Structure formats: C-alpha cells, structure tokens
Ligand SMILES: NC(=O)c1ccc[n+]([C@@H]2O[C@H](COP(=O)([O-])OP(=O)(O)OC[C@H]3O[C@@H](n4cnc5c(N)ncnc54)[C@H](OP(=O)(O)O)[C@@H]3O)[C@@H](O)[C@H]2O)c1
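Here we start with a single chain on its own, the form predicted on its own, put down as structure tokens.
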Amino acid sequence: MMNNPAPSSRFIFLTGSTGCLGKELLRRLLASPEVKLGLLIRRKGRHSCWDRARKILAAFELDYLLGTRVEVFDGDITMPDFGLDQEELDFLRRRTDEFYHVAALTALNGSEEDCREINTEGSRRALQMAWDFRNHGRLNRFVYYSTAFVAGSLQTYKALEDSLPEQPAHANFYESSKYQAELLVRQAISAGLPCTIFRPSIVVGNSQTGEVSEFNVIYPFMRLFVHGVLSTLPSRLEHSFNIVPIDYVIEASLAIVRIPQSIGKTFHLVTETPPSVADLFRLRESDYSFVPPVRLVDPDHFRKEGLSADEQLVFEMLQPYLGYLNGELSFDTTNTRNALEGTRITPPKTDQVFLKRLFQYAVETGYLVVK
C-alpha cells in the first residue's frame, strides 16, 4: 500500500539506488526529514525489489523507513514506462516533485548494445516519464547525472559546462552512450523541461576515509597495478587522471539543486588538481615496493604488437582506462564555483595522500590483496 506524502514534504523519484552513487545519494537525501523517496529497483533472481531496497537501507540503519518515507517500485529502465503499471504511474505523476536519474552502466568495457540500451535509451525513457510528470503532475526538476568525459577522453580539449563538442573523441561505449544521452537531455532543456545536469569525473571513495560501496571504473586498474599484473603502461609521468570523492559529488550536487538558477545548467563535479601518473609511481615506491616495476612507454611510440602474448592480454584489460591516463581533457568549472560560492563545499584535494587513502581502504576490505 503506497502512502501519500504530507503536503510539506518533497517527494523524489530516484533511479540507480542500487549503484555506488545512488546508494550514497539515497542516504544523504534521507538525512533531510522532509524528503520522501520513490525508488525504482528491479528484482534480481529470487530477490524482490523490496528485498534489495531493505538491504541497501539496512546498511545505513534506515530500513525502518520502508513504507513510510521510502516507497519501492519494481521496474527496469530498459522497459517502456520502466515496466510500471498504470496505478504506479498515476501515483508518481501526482507526487513527484523531483526526478533524479542516476541509473547507468558505468563499466568501461561495456558492450555498445548494453551501453546504448541502458545509458542512452534508458535516459530517453526517463525523459519521457519526466515530461509526463511535468505536464500532468507537479514535477519541478529533472536531475541527470552525466559524466565529465562526455567530450571523450581521447583528446586534448577543455570541456565547457553548458555545451558539448561537435566532434567528441570517445575511448569506450560508456562515454559515447552518455554523450548521446546528454544530447537528449539538452534537447529537453531547449524544449522547456526544467533540468539540471551534473558531470562527475571518475567517482572514487570518501575524501576522508576512502570508503566506497563498489569498486568500479578506476578500481580494476588499481588491481592490475597492485597485483603485479601490469608490466607495461603506455603513458607519461606528467599525465594526470581526474578522480573525485563521492562525498563531494553528493554534497555539491544537493547544494546546487536547491538553487533555482541552476535549472537549465550543467555542472562539472571534478577535481581541479588531479593526481598524476608520477604520484601513482611514487605511491608504489613508498607503500607497494613489493609490486614488480612497471615499464613506462611513450604512448606515441607504443605498439601492442611488440608485447608478449601475456602482455597483450593484460593490455586488452587495460585499454578502456588509457584515455583517462593519456587524454588531456580539462574542465571548466565556472558554473560549479559560482553555485558553491558562500558554502563550505570546496573542490576536493586529490593528491598522493588521497590516493594512498583509496588504496588502503581497498586493501582493508580485501579488494586489493597485498603480500
């Protein structure tokens, strides 16, 4: 039985609550007592959507909110209307004030078909639903989580917040599918849908503890590095990789959506001082000296054919990450800086100390095995 929120509450419909970013967003949203949530969660095997929601909330000791401040909807972003029935759609149409679309396939080695179906077409379905909630309900904002790499990580380019390049240089299908999805959101903005776009870079653990609920995106590269599997890296010491703590992404985005002027704008949630490959190598020398040395090769002169058969296999695993290590993509943060001016939220510091914190947490949880 679905409960009707009190008139003073904000009802937020959220996709992607089972993912790393979505889980933390859910926790932080529920810290505001006036917020009620509708979670879109698909059943998985023998686990119902309610089972999965209960497990997520229990990790934050918030499972007592199920059925009161948290409603759960059994659905899937790859289905028309997310697979929701008419009663559920009517409920959401009447109640939804804000719609946060976070669900995405973030695997850098995801197939073209999967990335398109989940990231691009899933966003198209979310926008169709948002228009419905706007025209026949009370929706006042659609929040879309894109990626800072929509411009493509395989180029030297300064990405502006409120535009997309006509000629992107994508390293993988994740980037290209998110580019196409953002085009759809921008079309909706031009047509009058009140949207806010956030573009985080590579989301990693908490800025103070390194804690993260899932080891995705850049973490598999860390595993190749620490486990001694990686012997050759086509990169340069001065190259950097833009990582951003998850707590900064959450706090910054939730502060920005409270600003009416942020509607129709895009915000880069990135670090302005990204760590370098040299920082990574110094960390190996200081804390992981047992790891076999990694040979650095100028990417302009690197040839996969010169590697042994085993090294070529490792290179295939490494390839999706190379754009993040070798691209010279930089990010304009004018909108973000202006929006956060006067708050206590500042751009994150992601130096070698922070890198060490991330590695330590991954070791403590057993994701990285050190001998």
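Here the structure is a predicted model, which means the values were calculated and not measured. The first residue of the sequence shown is number 1, and the count goes up from there.
Form predicted together with the ligand: not shown, discussed below.
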Is P348 part of the interface with the ligand in the predicted complex - any heavy atom within 4.5 Å?
no
P200 within 4.5 Å of the ligand in the predicted complex, heavy atoms = yes
query = Is the gap between L358 and the ligand in the predicted complex 4.5 Å or less for some heavy atom pair?
reply = no
- request: May I ask you to state whether T147 is within 4.5 Å of the ligand in the predicted complex, using heavy atom distances?
  value: yes
Among R54, R42, R27, R69, just one has a heavy atom within 4.5 Å of the ligand in the predicted complex, namely R42
Partner-free chain; cross-checking the ligand in the predicted complex, the single residue of V185, A103, C115, A159 with a heavy atom within 4.5 Å is A103
In contact with the ligand in the predicted complex (heavy atoms, 4.5 Å), from 171-179, 221-229, 278-286, 135-143, is stretch 171-179
Restricting to 12-36, the residues within 4.5 Å of the ligand in the predicted complex through any heavy atom are G16, S17, T18, G19, C20, L21, G22
